[in-house]
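Given next, in structure tokens, is a single chain: the form predicted alone.
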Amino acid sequence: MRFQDAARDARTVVYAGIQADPLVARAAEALAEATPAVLVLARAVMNGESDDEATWRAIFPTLLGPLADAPSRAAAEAALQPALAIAAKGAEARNQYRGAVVEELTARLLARRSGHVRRERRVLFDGVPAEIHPYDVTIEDDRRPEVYDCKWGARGIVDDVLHQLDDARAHAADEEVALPVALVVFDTARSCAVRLDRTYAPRAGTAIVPLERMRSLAATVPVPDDPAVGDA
């Protein structure tokens, strides 16, 4: 088993520019310390229904209004401004920025427990045709590598993605490597559970990390069949 950089085609070059935008780093930095409630706020704003700040202050008074305690309000304010900037972008750009934020947030959280975090990497196995698909975030530690894909919403949970993750896990097992694989979804556990009910791909060995448990990535390796999803 080995890792390899993704091919540099036109799409990846354009997306690399978005990933390098300081706005993405600013959003991920704010969200890395956020509570689930603040993450829900950021997700709602970045969905782009409105970039009017007053609207969101009215919708989330317990985070952005006089009902909020000081720490919660400070965290919400830090998340709100970059989220508004992303919401103000055109639909296609907004989609790409949101995906980049989730990937950057995942990478930052994982980096708190590993110094081997990489981005946009393929996983190769001896005797297995190379997959074109690069994984969004990887931990390339010889002792315990890990593979992550990231999605903005539960609608990104599709059979192809689940197959790709399970294939990586299974091929690694054939080489006697225990490879944790996970799908990080910047959406609620309930939304993930509903979407998973519509999938048929194998996922018994794949951890699903919903919005409520994102911060746990900084401390532990996610495990399959997380109760946060199963009990939603």
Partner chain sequence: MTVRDAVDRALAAYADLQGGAEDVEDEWMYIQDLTAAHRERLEALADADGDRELDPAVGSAIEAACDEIGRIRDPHRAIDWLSTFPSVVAIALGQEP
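Positions refer to the first chain, counted from 1. Worth saying up front: this structure is predicted, and the values here are computed from it rather than measured.
Although not depicted, the form predicted in complex with the partner chain is the subject of the following passage.
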Only one of 139, 107, 154, 75 gets a heavy atom within 4.5 Å of the partner chain in the predicted bound form. Which one? 154
Going by heavy atom distances of 4.5 angstroms or less, which of 201, 177, 170, 44 would be at the interface with the partner chain in the predicted bound form? 44
Residues in which of 121 to 129, 143 to 151, 76 to 84, 93 to 101 have heavy atoms within 4.5 Å of the partner chain in the predicted bound form? 93 to 101
Touches the partner chain in the predicted bound form: residue 190 (any heavy atom, 4.5 Å): yes
Heavy atoms within 4.5 Å of the partner chain in the predicted bound form: does residue 205 have any? no
Although the partner chain is absent from this view, report whether residue 69 comes within 4.5 Å of it in the predicted bound form, heavy atoms only. no
Residue 34 versus the partner chain, in the predicted bound form: is there a non-hydrogen atom within 4.5 Å? no
Residue by residue through 37 to 55, which ones have a non-hydrogen atom no more than 4.5 angstroms from the partner chain in the predicted bound form? 37, 40, 43, 44, 47, 48, 49, 50, 55
